[in-house]
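Okay, so here's just one chain, in structure tokens, the form predicted on its own.
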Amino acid sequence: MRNPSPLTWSRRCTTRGIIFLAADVVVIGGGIIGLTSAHELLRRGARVSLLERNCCGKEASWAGGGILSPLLPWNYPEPVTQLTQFSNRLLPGLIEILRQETGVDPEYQACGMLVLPNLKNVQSAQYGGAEAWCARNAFSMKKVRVEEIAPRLIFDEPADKSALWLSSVAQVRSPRLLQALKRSVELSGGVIMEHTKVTGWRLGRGRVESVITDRGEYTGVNYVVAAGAWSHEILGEHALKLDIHPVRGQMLLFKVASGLLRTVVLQNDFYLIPRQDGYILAGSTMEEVGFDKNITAGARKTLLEKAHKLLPSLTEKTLVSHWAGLRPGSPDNIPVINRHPAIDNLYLNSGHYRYGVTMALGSAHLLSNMVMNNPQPFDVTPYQWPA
């Protein structure tokens, strides 16, 4: 039977219940990875259905800060650099398409990132290998005095108040990017089914025949799991040796006068991210607590103290929100973008850990090439399913 257009869903009843006849690809997960995967597959002519257990873009993708670079990128393995650099080259083009197509502005801006030294060990802490890495990867970097870039910042040590200035680092407002992507998928003919929880798989002859949900079964030619921290849980016994697990991150949001801070500021693992309208994000924690998304008083206190120390205007009075998200933790922050080793038409695009927004578009390109048997722009072996 020929697959119907994704705009005209059909269904048939069998002894197994309702089976929804879907399109060429069924994407499971409506976060940044699932939405960019669906968007790219649709752009290449595939008919796509997307299943999301809650609402699209309301988990880790929404909770993240949207810095489009690994923090201290020289400290990450080459596969992370390769994918983030590739993705960042593609992103400005997508942003412009989304603006024109949907009317939503994701607020992409190259605001730069100011990297402050580790006060406990100024000389050797964060700068080791940075100059060589930046030169090797054509990544703009120079040493500056803190007040040159962020005059309102309070930074008492070291005596020369020097820092690294990464002028090419950009950011995007994650909730707006997600909103634009969802709208674009729908405008392109993709079917999005929210509040649809995957509960199992129906397999036959080494292939997925349908994915079982609490709203019936959905069929497609190929299936992509892009469910972030929930990917291992959704795959169940088919996860094999996959090591993707939830890592909680808590963040604070402040509202101050616009222009108080114009660049991302990073010290150790703590950062401040300024938005164009005066909001500033402060984050984030990294907590191994399973699927617990509760916020804690301890994290609030720690983040508030760090934020206030760097920028005194960030106080209890200017604090407007506190939330948590669950990142899809993975070894060395390297995602898995690969076909399942034993199930021919099942793919995974997950495990992006702290950099889902940063890696999303590049990952969608690699995944789409796999599904459509197209050549890859570089060696994708590092993103294979763990043996």
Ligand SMILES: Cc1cc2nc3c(=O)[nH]c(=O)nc-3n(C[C@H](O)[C@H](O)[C@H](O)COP(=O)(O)OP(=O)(O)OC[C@H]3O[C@@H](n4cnc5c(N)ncnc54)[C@H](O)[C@@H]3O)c2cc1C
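Here the structure is a predicted model, which is why all the values come from computation and not from measurement. For every residue, the number given is its place in the sequence shown, counted from 1.
What comes next is about the form predicted together with the named molecule, which is not displayed.
Among residues of the shown chain, His340 is not one whose heavy atoms approach the named molecule to within 4.5 Å in the model of the complex. Heavy atoms of Val169 never reach within 4.5 Å of the named molecule in the model of the complex, leaving it off the interface. The named molecule in the model of the complex is not approached by Arg152, whose heavy atoms all lie more than 4.5 angstroms from it.
Using a 4.5 angstroms threshold between heavy atoms, Arg53 counts as touching the named molecule in the model of the complex.
Exactly one listed residue, out of Leu41, Leu346, Ile67, Val26, brings a non-hydrogen atom to within 4.5 Å of the named molecule in the model of the complex: Ile67. This chain is drawn without the named molecule; in the model of the complex, the residue among Phe254, Tyr223, Tyr218, Trp230 with a heavy atom within 4.5 Å of it is Trp230. Contact annotation: the named molecule lies within 4.5 Å of heavy atoms from the stretch 196-204 in the model of the complex, the single such stretch among 129-137, 142-150, 196-204, 179-187.
Along 340-362, residues His352, Tyr353, Arg354, Tyr355, Gly356, Val357, Thr358 each place a heavy atom within 4.5 Å of the named molecule in the model of the complex.
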